[in-house]
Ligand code: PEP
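Single chain ahead, written as structure tokens, the form predicted alone.
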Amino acid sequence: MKTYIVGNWKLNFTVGEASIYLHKLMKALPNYRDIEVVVAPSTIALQPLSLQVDRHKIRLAAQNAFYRDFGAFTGETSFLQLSGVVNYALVGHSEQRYIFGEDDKMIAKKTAAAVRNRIQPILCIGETESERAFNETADVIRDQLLGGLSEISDDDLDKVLIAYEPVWAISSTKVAKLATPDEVAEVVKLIRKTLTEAYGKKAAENVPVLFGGSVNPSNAGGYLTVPGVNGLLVGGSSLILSEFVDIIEVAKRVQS
């Protein structure tokens, strides 16, 4: 299975800045056969970057989209409109859940809409600090995982990626506490077990599971060696070219 390194740029970079960054990133990277490098710019930058990007080196992801293909939904962008522009889309990111109030029902519709329009959804799940403190992690992970996949058939499960991103470990929310590899391993094991129970062992083994949460060049290797982790969802370090390239190089060394 490939290793996925996904950079979520969030609400950063103008279109011009994004273009310059992408140009530098493409120059810095060789063609990796077994590493899928993905960046998720703001929606306004996706179309121009899609004309610039070398898809042998880098793939584009949307940070969000709406589940209806068309209609009277002012201000929204549909997965249908993004088809051919991006290969991936973040779905259910904690900032969409906790800032904008998306629930599992909405996230399930978005996951299905992405698959329907031949875009691979990266379904983000993760517990808050208080949920972990009250020993609710397992329940939250199961609910978000099965809720987000509730409209996905057995045949389409292999089109979905899962990203475990504990809210308490995201540095943009506060001074984050880093998740230890053992803590990540425990949840990834739960994710695999839940998928196995719902879809069968073979299907569960084929789903890439990523980890995100204050990932940087110094801790990337530790997370990538966690059993069952197939890649990383990178936030702040993806905005710094040298750090993002370093993380990709760490991934290559772990593979070797």
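Residues carry their position along the shown sequence, with the first being 1. All of these numbers come straight from a predicted model, not from anything done at the bench.
Not pictured, yet referred to below: the form predicted in complex with this ligand.
With the partner omitted here, the residue from Ala108, Val160, Leu80, Ile170 that has a non-hydrogen atom within 4.5 angstroms of this ligand in the model of the complex is Ile170. For the chain shown alone, Leu233 is a contact residue for this ligand in the model of the complex, at least one non-hydrogen atom being within 4.5 angstroms. Using a 4.5 angstroms limit between non-hydrogen atoms, Ser42 is distant from this ligand in the model of the complex. Although the partner is absent here, Glu165 lies within 4.5 Å of this ligand in the model of the complex, judged by heavy atoms.
Interface membership of Thr194, defined by any non-hydrogen atom within 4.5 Å of this ligand in the model of the complex, is ruled out. Stretch 92-100 is the contacting one of 150-158, 114-122, 92-100, 136-144, since its residues have non-hydrogen atoms within 4.5 Å of this ligand in the model of the complex. In the model of the complex, the residues of 186-219 lying within 4.5 Å of this ligand by at least one heavy atom are, in order, Gly212, Gly213, Ser214, Val215.
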